[in-house]
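Below you will find one chain, with nothing else, as structure tokens; this is the form predicted on its own, and questions on how it binds or moves follow later.
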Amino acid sequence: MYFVANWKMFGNLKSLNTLNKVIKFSKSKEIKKGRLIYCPPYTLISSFLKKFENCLIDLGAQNCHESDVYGSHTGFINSRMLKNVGANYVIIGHSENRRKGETDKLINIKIKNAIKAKLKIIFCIGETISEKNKGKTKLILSKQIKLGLKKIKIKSNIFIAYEPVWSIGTGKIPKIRELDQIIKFIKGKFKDKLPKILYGGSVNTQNINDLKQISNLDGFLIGGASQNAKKFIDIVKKTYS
């Protein structure tokens, strides 16, 4: 099981001290076969890398620019630069970025170049509450998968993170039976080697006991709760208890 901590726009150098408990936990038998991955802001990637030197916690970034070469893109960082500073993963297609204009076509380019940079991709898909209420969930997910992964043949380094937009930051999650069907639907879109499927959207210490019942899931993309070491550890522990 993969537990991806998306810190979003949170954290400073003092935040490094909060990782001590997680580092200690990562070296214990309690973690079982869990894999921890932190995706902090760009400003903290190098500091996190040094902090994780003597443990198995992996590191990722929250987005990247679509270009795979250096250029005049003030304020942006591409996948090659992320790989160079020690990131092994990158989140692409998060709804917060889609909402700001990130299109399926742009996401497709980012994924292709992230693969070239030898990064593992956490590819986010999900429907809005309006799309859900109109019964368009599967239609939207199919479109995002088809366009986002267009002309990408090898998908072994791609994780699909299903994040219903209406769930993120609201405390609401899909009904377990409904979520189970959606995960099966997503896996059914792939005829070759199945990508790993994560669930994201208000994952916390209260609902993890319900979410862990979904047998098809390979892990979780955790937002706000991952910023607190105790909550993040509790989510991992409860997944296996």
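A quick note: this is a predicted structure, and the numbers were derived from the prediction, not measured. Residue positions are given as counts along the sequence shown, with the first one as 1.
Although not depicted, the form predicted together with a small molecule is the subject of the following passage.
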So which stretch, 143 to 151, 103 to 111, 69 to 77, 90 to 98, is the one near the small molecule in the model of the complex (non-hydrogen atoms, 4.5 Å)? 90 to 98
Non-hydrogen atom within 4.5 Å of the small molecule in the model of the complex for each of 127, 181 and 184: no
State yes or no: in the model of the complex, is some non-hydrogen atom of residue 201 no more than 4.5 angstroms from a non-hydrogen atom of the small molecule? yes
I'd like to know whether residue 223 contacts the small molecule in the model of the complex, with contact meaning heavy atoms within 4.5 angstroms. yes
In the model of the complex, does residue 137 have a heavy atom within 4.5 Å of the small molecule? no
Look up in the model of the complex whether residue 86 has a non-hydrogen atom within 4.5 angstroms of the small molecule, and give yes or no. no
